[in-house]
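Coming up is one lone chain in structure tokens, specifically the form predicted alone.
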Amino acid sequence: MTSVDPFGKTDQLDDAMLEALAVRFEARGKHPLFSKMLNEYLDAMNPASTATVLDMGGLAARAIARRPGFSGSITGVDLSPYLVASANRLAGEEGLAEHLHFQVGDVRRLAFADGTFDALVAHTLLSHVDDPLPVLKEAARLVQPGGMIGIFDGDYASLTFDQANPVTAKACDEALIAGVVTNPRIMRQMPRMLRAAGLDLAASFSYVLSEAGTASFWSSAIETYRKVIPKAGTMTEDEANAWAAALRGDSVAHVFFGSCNYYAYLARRP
């Protein structure tokens, strides 16, 4: 079976799989460790209260809309009509619909005029894109001169979970990374890619999100990956279930270890 990163093919997934992704996105976004990373780079971007913002992928839009005093407009874009509908529903439930709208679109080719937006974010997007450079060039086109672009993602080449057998743990890490990430090293390549896209690097932030003993942040990830990996073709359903069960057992026994590096880059259009 050919390996396919489901996170980058949301327009090709069934509703059950899309709901599993949506549950993970919500759990991840609400976790204090992940929220802290998001808010740190948003604070550094400091979009004006009246700014027009494009969120490629749509996963940071509500956090921006919730920022104190924000009265601008945010457009979120995703490939999946299901996820777009879910995001619009959640925005409405939070009372954010006045400033926030999600729509279906392909971030490589968006029907907006040059310089439409004051600021742009791509939050956990580029690791799932087949060819990130055209997306960065599209981002550079869409912001005004001097506009800020925030890019956040995992360095998924560093993603790892310990298991009782180190050989098994290494094999499972490799299967997981191959199955759920298209570009696991993209954040290591970002400084040169920003230059290739005609953007100026303004700032960067680095993080290690590790949990030892008991899984909290990683618990919802494990459950989602359990469902996703067989679709990607790098583990069978039985292998994915066994992998997840072993990690849940480690968490109960207080011997769990899971870790991944994350990076944020701020770039400016000259």
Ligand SMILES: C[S@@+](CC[C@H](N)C(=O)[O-])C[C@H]1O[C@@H](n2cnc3c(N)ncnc32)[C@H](O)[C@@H]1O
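Residue numbers here begin at 1 and follow the sequence given. These numbers were taken from a predicted model, which means no experiment stands behind them.
A second form of this protein, the form predicted in complex with the ligand, is not displayed here; the remarks below concern that form.
- Of the stretches 87-95, 67-75, 195-203, 106-114, only 106-114 has residues with a heavy atom within 4.5 Å of the ligand in the predicted complex.
- Within 4.5 Å of the ligand in the predicted complex, a heavy atom is found for all three of Gly58, Thr124 and Val129.
- Of the residues given (Ser158, Ser80, Gln163, Asn183), Ser80 alone sits with a heavy atom within 4.5 Å of the ligand in the predicted complex.
- Interface membership of Phe7, defined by any non-hydrogen atom within 4.5 Å of the ligand in the predicted complex, is confirmed.
- Remark: Phe25 counts among the residues lining the ligand in the predicted complex, judged by a heavy atom distance of 4.5 Å or less.
- Along 185-201, not one residue places a heavy atom within 4.5 Å of the ligand in the predicted complex.
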